[in-house]
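Single chain ahead, written as structure tokens, the form predicted alone.
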């Protein structure tokens, strides 16, 4: 990509509904962090997206648990929440952790308590459509299995069958947004309902700074979607930024980070997708499966532009 002049925002393809709001913030002189939150909130509220926020696919027990993180490339500040139940605006809460607490990560009952203390509106995140999708998969599992066995069977099934007929995307999607404001500050954000049918309390890469999300004004930013356990074990988002620090261009940094996934012994290996931007605003994206896209907007565009991701194979070595 050519170097943009001024504000820029990129994201996973499902972020398209939020990018105009993010770009409006940047055009109005707002910060990169403000733009990231503005871009992700509409995705969290979208009932047609079963991988994020409201209408996310439930865990093994039928509960929707949300994870989110934000990172400010100026000063490397970050905030994250994990296993949040009963509140839709996980990205707002992640930012509040960064801005309001002396901590970087709050999970479970603590995240829910914080949401209540901050006055966020509670919401039942389950919808009839998402619950029906969840139920159809649960019914196919031996009812005599304990929860551990059920979780293994369900994760194995969705790993091997990513093109579920009920869903346009695999059931482990996420929304990524990375923004660069007029001052050159970069911020990134990630929000997800996690892997569908997961064991309760499971955390993937999305709320873990360095795994699914990382931003550093000096070098760039990266964010991941897909099987979070893979990005967790390889610190994938941080790796991309580190490769930028070592002098690689965005394309090479992405390809090298995806290549690292080849070292993983993972019987549940599935796809991993990454979006990235360097400090100058050059951007690109990669995926372990072909024909994937991402979206971007800058000051010259009126609507999100969809672009192809590089396809880089990452076959499990198990």
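Numbering follows the first chain given and starts at 1. Predicted model, so just to flag it, every value in this text is computed and none were measured.
Although not depicted, the form predicted together with ligand ASP is the subject of the following passage.
The three residues 69, 188 and 213 each lack any heavy atom within 4.5 Å of ligand ASP in the predicted complex. Of the candidate stretches 100-108, 188-196, 238-246, 87-95, only 188-196 has residues whose heavy atoms lie within 4.5 Å of ligand ASP in the predicted complex. Interface membership of residue 220, defined by any non-hydrogen atom within 4.5 Å of ligand ASP in the predicted complex, is ruled out. By the criterion of a heavy atom within 4.5 Å, residue 150 is excluded from the residues contacting ligand ASP in the predicted complex. Taking non-hydrogen atoms only, residue 137 never approaches ligand ASP to within 4.5 angstroms in the predicted complex. Ligand ASP is not shown here, but in the predicted complex it comes within 4.5 Å of a heavy atom of residue 227. Of all the residues from 183-222, those having a non-hydrogen atom no more than 4.5 Å from ligand ASP in the predicted complex are 192, 194, 195, 202, 204, 205, 206.
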